[in-house]
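One chain is shown next in structure tokens, namely the form predicted on its own.
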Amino acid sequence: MGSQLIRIIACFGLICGGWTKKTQSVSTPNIVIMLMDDMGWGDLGVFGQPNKETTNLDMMASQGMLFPSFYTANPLCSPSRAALLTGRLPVRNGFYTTNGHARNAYTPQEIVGGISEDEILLPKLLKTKGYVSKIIGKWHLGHRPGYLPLKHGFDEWFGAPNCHFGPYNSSDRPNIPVYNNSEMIGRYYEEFVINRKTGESNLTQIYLEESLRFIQNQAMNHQPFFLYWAVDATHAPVYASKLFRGKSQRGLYGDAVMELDYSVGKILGHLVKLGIDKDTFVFFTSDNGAAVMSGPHQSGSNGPFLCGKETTFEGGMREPAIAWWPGRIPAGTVSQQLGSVMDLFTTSLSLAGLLPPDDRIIDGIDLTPTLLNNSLIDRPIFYYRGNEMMAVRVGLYKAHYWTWSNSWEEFNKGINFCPGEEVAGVTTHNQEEHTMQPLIFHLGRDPGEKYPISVQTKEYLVVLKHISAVVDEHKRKLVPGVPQLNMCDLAVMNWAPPGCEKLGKCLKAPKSDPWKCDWPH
């Protein structure tokens, strides 16, 4: 028994040179966060993708630190992004719904809400240290004027407030606008073409050029910067430019991954060329797991992990993650640290010499000791779906308090969050409560969550006691924020965004008729 207890407790426990030299002291390093959209853990060669088509990302990992156990804060896009920029769980920052139990909610065009004005976002805090901040790509934290990036600390923006769904006919639903700072400059499928038949679009190249130009300008101005590069080519409908279409052995989705990999290489190379690579912290990850319900031509791989996007199984929330900072982060390091997108908030503040706000609970931890010294920090990972804590990971153990893939109704329509991966009693189509006797997995022995530990074993009892204390402490301190994703209204869609008058692209909105949003998953 003694040796077994000890074992159980232990489980808890491209680039070329040139140009000029530094822009600012390393005490305020530049920060680049590259957030992919629906990219899976298994999409990178360094994580075992057999076609080895991510040569730049694999090189980035060889020059930096790889995180095999890095997590999103929610298995869906909008809440994940809100968590990254606030350092707080969506249930705290309001990016969830109470319209149903454990329902995933996000920010489609008809959503009334957005990121609360009470939340303090990362760029607003970095501004106090002289940082210039830009978001390139998808915002997804609310599309109405008061919710847009420049109202929440960003200095510049090139991208869109919503997903690139469409095309629409402009009478029932407008196409999504693309913004340059505070005004729209066109719409998807109009000025910014996405060919739904071929999957061809030049958007990733546009986002790449915007990033290179921003980096160049800040380097010339000797200004510390924060670049939030939130590109979305791997979100269905998947797209790639003509240069990359047909290049991958994985079809259109693989083409999109190859183009993003190429773009990462260009950005890192640009930092080296400008002589600011040693003054720049870069982090690459994704907003949630691969959207396997979209099928093999429109989604990626979650490697050995169960299910995908919208679920709180490993495939829905474990993300590819690489940190890069030449001369500071030891090259070729693999960290077993449990990490979260929320940590990017706290870590970025720490690197800039700032403390997080002390008037609220911050869920993200400072990963600086891990990044610089490969230290391990003891911390849990909570898996939320809407207003419910579905599971928790402590060390190598994961306990499911609720299980649900998606409803029988949606499943019978052909929507399958776990295609080919059904596990009896685990990937349930009814919401199954296990709070009295959680399903517990050892993710080292069983990363696919297929074999729950028997409740009759001493291992189960020891682990349950430890995890229960962690969960009780978490719930004792939890004060949910006001839910922002409850109400919808067709009148608030992108009919007449700022700047539409100059382009002659304002559309007439219907009469307001709000309703409670229906979130089926």
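One rule holds for the numbers: they count along the sequence shown, beginning at 1. None of these values were measured; they are calculated from a predicted model.
The discussion below concerns the form predicted in complex with a further copy of the same chain, not included here.
Val46 belongs to the set of residues with a heavy atom inside 4.5 Å of a further copy of the same chain in the predicted complex.
Mapping the unseen interface onto this chain, Arg250 counts among the residues with a heavy atom inside 4.5 Å of a further copy of the same chain in the predicted complex. The shortest heavy atom separation between Leu126 and a further copy of the same chain in the predicted complex exceeds 4.5 Å.
In the predicted complex, Arg445 approaches a further copy of the same chain with a heavy atom inside 4.5 Å.
Annotated contacts: Leu396, Pro419 and Val423 all touch a further copy of the same chain in the predicted complex [non-hydrogen atom within 4.5 angstroms]. Only one segment in the set 32-40, 462-470, 65-73, 481-489 has any non-hydrogen atom within 4.5 angstroms of a further copy of the same chain in the predicted complex, and it is 65-73. A heavy atom within 4.5 Å of a further copy of the same chain in the predicted complex is found for one listed residue only; from Asn202, Gln336, Asn180, Ser170, this is Gln336.
Among the residues Lys134, Arg318, Arg88, Arg385, the one placing a heavy atom within 4.5 Å of a further copy of the same chain in the predicted complex is Arg318.
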